[in-house]
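Quick heads-up: it's one chain on its own, the form predicted on its own, in structure tokens.
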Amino acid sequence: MANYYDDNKDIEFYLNNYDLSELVSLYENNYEEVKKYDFAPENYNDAMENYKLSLNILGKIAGDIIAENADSVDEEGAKFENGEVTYAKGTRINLDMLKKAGLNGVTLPREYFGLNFPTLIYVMMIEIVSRADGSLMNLFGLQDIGETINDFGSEEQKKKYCSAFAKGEATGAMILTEPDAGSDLQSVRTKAVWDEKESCFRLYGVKRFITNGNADISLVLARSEEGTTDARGLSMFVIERDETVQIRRIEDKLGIHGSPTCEIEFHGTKAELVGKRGYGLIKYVMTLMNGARIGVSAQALGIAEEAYREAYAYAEEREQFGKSIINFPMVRRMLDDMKMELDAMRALLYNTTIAVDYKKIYEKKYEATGDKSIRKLYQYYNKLAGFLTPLSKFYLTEVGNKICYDALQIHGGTGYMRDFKIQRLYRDIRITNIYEGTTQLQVVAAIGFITSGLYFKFMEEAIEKTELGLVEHINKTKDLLNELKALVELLKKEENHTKKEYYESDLVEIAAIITIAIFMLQNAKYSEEKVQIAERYIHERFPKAKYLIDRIKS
């Protein structure tokens, strides 16, 4: 029997070694929750046991059920007939098992029947689910919709919709994209018109490329302010699907076949405003999208993890020239590179998620108290999370694709056949560096943090928390950070703006390498294995960073 949590000791490494006591205490309101809810933890150890138990349960479901259904889900896919979408049989079984296990409202408050877990634990869960079946993550990961309603909706909306999500009684979708408004969401044309007679908004328009657009409850971005053409005229609405929501078709995709991608028409659909008018894109969607980007990063990590394991197992079994191909140095190096990058990906993603958790909790505490000291903490983590989130999606989805590419290469011609799992993983991961903002848009989101100089302030502080015994590697990291800093100052003097923009992706890649190296050096204090991985990463990736710096200078 497989367990996709128990067999991955690197996930447990973070739970066993990182001091999450402050974060967990903040989430549990200094463990006051136990006075209201019998199942709330009494202390830090109790909370950690709850997290591990839930991850263990999910790991068993992922290994024994979701992974076993994955090939049939890929073959069958979601179906569209007579205007209705039907999930593949395996997908329906998977969703039912997750519901029975009570793993739906992971980050929602207990008040609305949620588990009240930190985002870190939720991201670990997304990774586990994605490793078993990348397409299922697109349904499991839409819990972010409930969190958005919890953050910005009315009390009535929270009770109604968040509770439905947490109990597994409803599926969700975020309905943003249109035929002429993909990355450029400020061009959204779907209208929200006030119905005086019924005292409600009604939606009219077309949406495209909507993941799980057949959902029961959806958040919709629509233009509420007549005569506007920019972001300020857009608001966020929640709808319940009825006969006015018509699905035109579902897309025939390269991968993630278990996740239906819909084209939708609204014909006067009744809608409730979420939050304030005009804040739909500039605040609510950006929050929703950042959560989705974290989720997609975890999706890429999970798929890449499985691809590595498939490649390793195949390399051990496949014999050529009288020996297993894992004994050929070129193949061995590819596998070692994959393992190193998986460690790097996890270090970046989990540290990003911890920053997101602190940002969320301090924002709520500041709003509740108005305490200026808490405001400073919120501002710190808001800036850090605002940078690390696009950096994670930039790095994990691109490197995840590379891992799957190499894993298929190790399989040789057999990997190109549908008989082997690796071809599905290769197809499924391809979307991750496209949806929820392409890699290029992540560069746009991250670059300002670097060019403003804030990046260097944060990283200089982070270096002080690294393993002091690795002086040589710490000094190399400091030197590379200073080289990047000098390069940024040099580019500020460049009058050719096109040239500056041309190299932005290189700057973000260099920053990603340095950031990951720092996180890996921090991890090195916990085990000799982490020391070796950090050393190898610096040895393998710093030369590329230096090459990019030299190329920009030339």
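In this text, all values refer to a predicted model and were calculated from it rather than measured experimentally. For every residue, the number given is its place in the sequence shown, counted from 1.
Unshown form predicted together with a small molecule; subsequent notes refer to it.
Of these, 77, 415, 114, 437, which has a heavy atom no more than 4.5 Å from the small molecule in the predicted complex? Contact check passes for 437.
Contacting member of 94, 235, 119, 211, with respect to the small molecule in the predicted complex [4.5 Å, heavy atom]: It is 211 that has a heavy atom within 4.5 Å of the partner.
At 4.5 Å by heavy atoms, is each residue in 177, 182 and 444 next to the small molecule in the predicted complex? So, yes: the whole triplet contacts the small molecule.
Location of the small molecule contact in the predicted complex, chosen stretch of 182 to 190, 264 to 272, 148 to 156, 378 to 386 [non-hydrogen atom, 4.5 Å]: Heavy atoms within 4.5 Å of the small molecule in the predicted complex occur in 182 to 190.
Would residue 347 sit within 4.5 Å of the small molecule in the predicted complex, counting heavy atoms only? No - in the predicted complex, heavy atoms of residue 347 and the small molecule never come within 4.5 Å of each other.
Consider residue 253 of the chain shown here, and say whether it contacts the small molecule in the predicted complex, taking contact as heavy atoms within 4.5 Å. Heavy-atom contact with the small molecule at 4.5 Å: present for residue 253.
Would you classify residue 431 as touching the small molecule in the predicted complex, given a 4.5 Å non-hydrogen atom cut-off? Residue 431: contacts the small molecule in the predicted complex.
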